[in-house]
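Shown here is one chain on its own, the form predicted on its own, set out as structure tokens.
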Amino acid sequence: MTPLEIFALAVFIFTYALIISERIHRTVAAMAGGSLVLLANIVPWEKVPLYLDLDTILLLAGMMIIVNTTRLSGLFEYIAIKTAKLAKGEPIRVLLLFSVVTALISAFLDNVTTVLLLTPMLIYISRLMEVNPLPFLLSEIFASNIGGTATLIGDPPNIMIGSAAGLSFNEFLVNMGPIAFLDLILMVFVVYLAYRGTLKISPEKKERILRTLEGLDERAAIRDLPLFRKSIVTIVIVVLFFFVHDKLGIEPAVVALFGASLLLFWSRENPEGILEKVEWATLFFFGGLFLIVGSLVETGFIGQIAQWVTSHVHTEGEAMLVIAWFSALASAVIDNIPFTATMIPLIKAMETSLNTYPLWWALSLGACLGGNGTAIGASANVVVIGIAAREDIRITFMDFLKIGMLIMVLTVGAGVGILWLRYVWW
């Protein structure tokens, strides 16, 4: 190895160690690592725009602005109360409906925001029904990660993969949508089987719950009716544009920025207040990581790893299995964002000897669903467990691991099976 390769690899390992240990903020670690490879001129300044992947960063920024503006209207609280009323105080229906709603919202909007807004309502309903909140909270976490798998904009790894491989919104929906749908059914069934003993209530209690739910007014949750309507119209326009962006030759990032601009212009909300709430730390985290991984590409290290992998993997089917399961296991214990950032150039380097199209779906599958394996596998997991702890509901690492690992293995296994049928066996 050359001195530059050793330096780039050392920066990569040291940055990852800091991110995993959480001794300093992960954004600071990524920014420091990115700055070091720039100072050493491993990534030349003229190539910085290439490695920064502006498609991913601008798409995330646009969607964050839309979500932060929409939150002011009360739309998410309205959906939560409406869903609770539809469940009619029946625990199994609450489990099913909240899982479906969480997965649907997470497919189109940030899944952390989704669980932040739905979790308090879920805890309230489970207390009202006097049943164990654990199955509802766990199914909400699993559903948010499964829903995010379905679309290009559902989870940051998908945004990164779509940008790097030039995959459209519709390609994600066609390839990952059916897998997410099947996995959602599988997940609800497993959670129900595991906790069915705690999901039963007496008819008298059900009547009492119904009366309380009928007393809730979803319209009272709407804090700003004009903004509520404008947010719905904007989200519908953005989703419609996502469906046709590839036919129009427009990048997904442009669609997100257009939607953000439209909502800010139309609503007349204070842009400074909205922009202050954009998760700038996340965007700089992405930027730093992209530069660190770019340094491994520049030194040729990624190319050598890809050459080694392809010399041991002889078909797309074998590569697909290795990438899906390795990604799932890795994403269960480390952040799936830096992991995906590392895997993207590796798969790109395999293009010379393999058809990498099915490999992108295997990476998406493992990176998104691997987060269900452990309590620290995805941001949504940490957020829900944190909110639950504040409400004196304890979800231990082992509580999560027992069912999370089972859900991860079953959902990734089902997804790999579908991909195998589609791209290898058929």
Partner chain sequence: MGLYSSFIGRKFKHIAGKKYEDIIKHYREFLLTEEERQIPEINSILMPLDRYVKNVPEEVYETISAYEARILLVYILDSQVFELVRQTLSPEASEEFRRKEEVMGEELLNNVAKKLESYGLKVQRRMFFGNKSDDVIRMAENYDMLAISKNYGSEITKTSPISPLVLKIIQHLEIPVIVY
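All values reported here derive from a predicted model rather than from experimental measurement. Positions refer to the first chain, counted from 1.
From this point on, the text means the form predicted together with the partner chain, which you will not see here.
- Mapping the unseen interface onto this chain, residue 220 counts among the residues with a heavy atom inside 4.5 Å of the partner chain in the predicted complex.
- Within this chain, residue 40 is remote from the site of the partner chain in the predicted complex, having no heavy atom within 4.5 Å.
- Under a 4.5 angstroms non-hydrogen atom cutoff, the partner chain in the predicted complex lacks residue 82 among its neighbouring residues.
- Contact annotation: residue 124 falls within 4.5 Å of the partner chain in the predicted complex, judged by heavy atom distances.
- Highlighted residues 25, 71 and 212: every one comes within 4.5 Å of the partner chain in the predicted complex, counting any heavy atom.
- Contact with the partner chain in the predicted complex, defined as a heavy atom within 4.5 Å, holds for exactly one of 283, 112, 190, 164, namely 112.
- Checked against the partner chain in the predicted complex, the candidates 61, 32, 52, 387 yield a single residue with a heavy atom inside 4.5 Å, and that residue is 387.
- Heavy atoms within 4.5 Å of the partner chain in the predicted complex belong, among the stretches 220-228, 352-360, 318-326, 85-93, to residues of 220-228.
- Within 4.5 angstroms of the partner chain in the predicted complex, the stretch 371-397 places a non-hydrogen atom from each of 375, 376, 379, 382, 383, 385, 386, 387, 390, 391, 394, 395, 396, 397, taken in sequence order.
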